[in-house]
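Before any questions on binding or motion, here is one chain by itself as structure tokens, the form predicted alone.
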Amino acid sequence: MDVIEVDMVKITKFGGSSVANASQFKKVKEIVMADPSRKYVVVSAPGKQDPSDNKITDLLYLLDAHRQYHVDAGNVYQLIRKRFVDIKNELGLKQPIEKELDTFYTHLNQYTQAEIVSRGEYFCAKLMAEYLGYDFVDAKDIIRFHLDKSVDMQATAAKLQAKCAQYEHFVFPGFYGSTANNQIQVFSRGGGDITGSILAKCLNADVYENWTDVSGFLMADPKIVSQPKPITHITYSELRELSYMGASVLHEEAIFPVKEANIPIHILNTNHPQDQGTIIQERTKIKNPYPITGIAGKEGFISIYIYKKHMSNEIGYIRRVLSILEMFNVSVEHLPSGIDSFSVVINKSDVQDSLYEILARIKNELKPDEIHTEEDLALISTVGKNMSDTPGMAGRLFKALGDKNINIRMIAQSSDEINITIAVSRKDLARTIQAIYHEFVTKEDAFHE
């Protein structure tokens, strides 16, 4: 009996740094042409060519600000125009990009902000499509949003599958789609990652490749830990925990469309395509050699400590405190509690102008016996699915910090036991991450040598 080979489908997304100029376009072409399964390519707007340069999307937001305040935007437009024309000319493309850019600028006042800032991806995809010899498919015609700004996956999938039947290969701009009445709508910044994830979900892709300027995730911030180990495999759940604490390589919303289908996301480096990168997948047979997957930390938190005698007998006491915070649009990060006391950990930036009014409300309405704040806190998350199956993890972590005379101000553990979050003084952030890394990575390496 003959074996029928099924073609692998890869969604290949290139971030802003990967399409910053003509030389980066050339790297993209080498990558795409090296694998026949890379049929569907998603691109961001061109990013910075060097640290002093501007991202095209930032320039487009600036262009829109000039439009709104009726300020001449000619200089900003010329910067945008030059970037695209330089790419076209250096690659010898025939796309009449100058004419389309000039028409766009001439009618700038007729466009919404979403239409204006989406043009970076649009023009980049037009150029990339010609350079690769692929068709161009406009995201406006495919990705549909509901009124609540969520994506209509059913309508999007139907339109996308029809295009796949029409075109064998195409380039697709990230970051935007359209509403039911055909008005352009954009995702939050970095939303091109979400676009790639939506395409992977709708086409039931075998893998979603996300090409950027780093070779995946590291187990810790290299500014804090010298030469941290790379993370070769990570689950969606672990990634969410680390991303929330600032370990950002991928837009965190990009996880959701592919998570349920267990489609792997492969983070790869356009400038070093030979590097292994990081594979994100919820269910995998690959075992992490370390008890933890990664460590991430973030500063800028405040803790509100509240003590009330016999609080456990007062129904709804904590809820009433949270209601006051909700009135001031304050999100709660963590809520460690005891019998008669609890602490609310919040982001300092959320209460920059309202902290004293919030404290006064709590005092007047709930009459606590004690209330005080602790500022300049940092939160550090130690994350790993292996933690739940490894006895003594918390003990090892606390001993490692105790040996370094680091005072722990708060402890919280997720219900799925893949994350232990602690609060320490901001000045101890780096030392805490270094101590945890040494305990669970450096020592493990030494033990197995």
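Not measured: the values here are computed from a predicted model. Each residue number is its position in the shown sequence, starting from 1.
Although not depicted, the form predicted together with a small molecule is the subject of the following passage.
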statement: Testing 49-57, 62-70, 400-408, 382-390 against the small molecule in the predicted bound form with a 4.5 Å heavy atom criterion leaves exactly one stretch, namely 49-57
query: Is Phe175 close to the small molecule in the predicted bound form, meaning a heavy atom pair under 4.5 Å apart or at it?
result: yes
- prompt: Would Gly190 show up as a contact with the small molecule in the predicted bound form if we use heavy atoms at 4.5 Å?
  reply: yes
